[in-house]
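Have a look below at one chain only, the form predicted alone, in structure tokens format.
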Amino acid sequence: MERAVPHAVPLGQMEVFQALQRLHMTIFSQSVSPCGKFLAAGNNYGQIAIFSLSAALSSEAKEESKKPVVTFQAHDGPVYSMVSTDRHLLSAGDGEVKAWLWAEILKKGCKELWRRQPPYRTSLEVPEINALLLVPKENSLILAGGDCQLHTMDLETGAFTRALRGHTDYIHCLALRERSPEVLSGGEDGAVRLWDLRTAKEVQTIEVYKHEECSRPHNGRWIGCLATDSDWMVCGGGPALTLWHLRSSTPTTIFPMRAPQKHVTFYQDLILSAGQGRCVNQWQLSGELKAQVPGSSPGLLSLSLNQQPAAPECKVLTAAGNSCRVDVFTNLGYRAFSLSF
């Protein structure tokens, strides 16, 4: 198992160094393998750990089953975002996205397949890429982050085909409306922007903080998370977590959550959210808080729902953030156990 440690460090000091790393670890990103049996987690040290969900969920699981089957150095800086295609794990860091073959990762042969850097305005610009979004119908990848643009990359050729400009500050999150097809983006400027992928034009802007019922000036205007389901969108961050009807640009439900939320997703007839605090929050669409399920991290940055039909026995929710642990929920009612980076 490979880990980033200083060269020629005595064994005792190395153990202290690794303990300190774990103590100060943040897990920014997660992605489930195409087979549904493995989970990748990326941290602030540029490492990606691969966990075997099938082994950890087995009735014969031991403590060792909850540790990575392989850990490798993927980027020099943090691994801000990851997504999986049917063959590849794609990871994003400072100014670059890399591809890894899942088949090779699982053989512990963790050599990058390729790396790409979007066409930035200057050669000195190395912005964070902290949002990745697959567009399956186009076989493309959308990247966004610190340069305030959305970049579209053709996954077959590796070429960057367009840049969508409109945000005036850092972009935090992306979501796909597959039927339209449209992409939603949210960022530090407080706006959620909708982009038509056929015309590469911005078609709608919702400045959430300008709506009095959503605004929380003491938390700022930034949008840190969003998700969409047909004509509905949920978003949060500085402003309150809010359900919107997109066609009318109307906020329909304001969720009574004080802490800024960093991740949100639709799940069946619920909305799941997480952010500051240990809990995964389960909301009714009406705004009623159905449950708060505590985890082991003091703050949560990502949720991952494993819904791969190939591995129904590994259907779990995982949550990660400001610790070296990934919490595993086998149902939404309680944390079953934690994986450890």
Partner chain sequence: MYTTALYSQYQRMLSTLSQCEFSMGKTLLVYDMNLREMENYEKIYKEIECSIAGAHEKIAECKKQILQAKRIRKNRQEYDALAKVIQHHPDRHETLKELESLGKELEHLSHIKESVEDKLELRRKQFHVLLSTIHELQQTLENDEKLSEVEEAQESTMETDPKP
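Small disclaimer: the values here were computed from a predicted structure and weren't measured. Positions refer to the first chain, counted from 1.
Just so it is clear, the following notes concern the form predicted in complex with its partner chain, a form of the same protein that is not shown.
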item: Candidate stretches 180-188, 68-76, 158-166, 244-252 - the one whose heavy atoms come within 4.5 Å of its partner chain in the predicted complex; value: 244-252
item: Candidate from Cys35, Ala291, Leu285, Ala55 lying within 4.5 Å of its partner chain in the predicted complex - any heavy atom; value: Leu285
item: Contact residue in the predicted complex, chosen from Glu104, Glu202, Asp229, Glu207 - any heavy atom within 4.5 Å of its partner chain; value: Asp229
item: Ser123 within 4.5 Å of its partner chain in the predicted complex, heavy atoms; value: no
item: Its partner chain contact in the predicted complex: Asp269, any heavy atom under 4.5 Å; value: yes
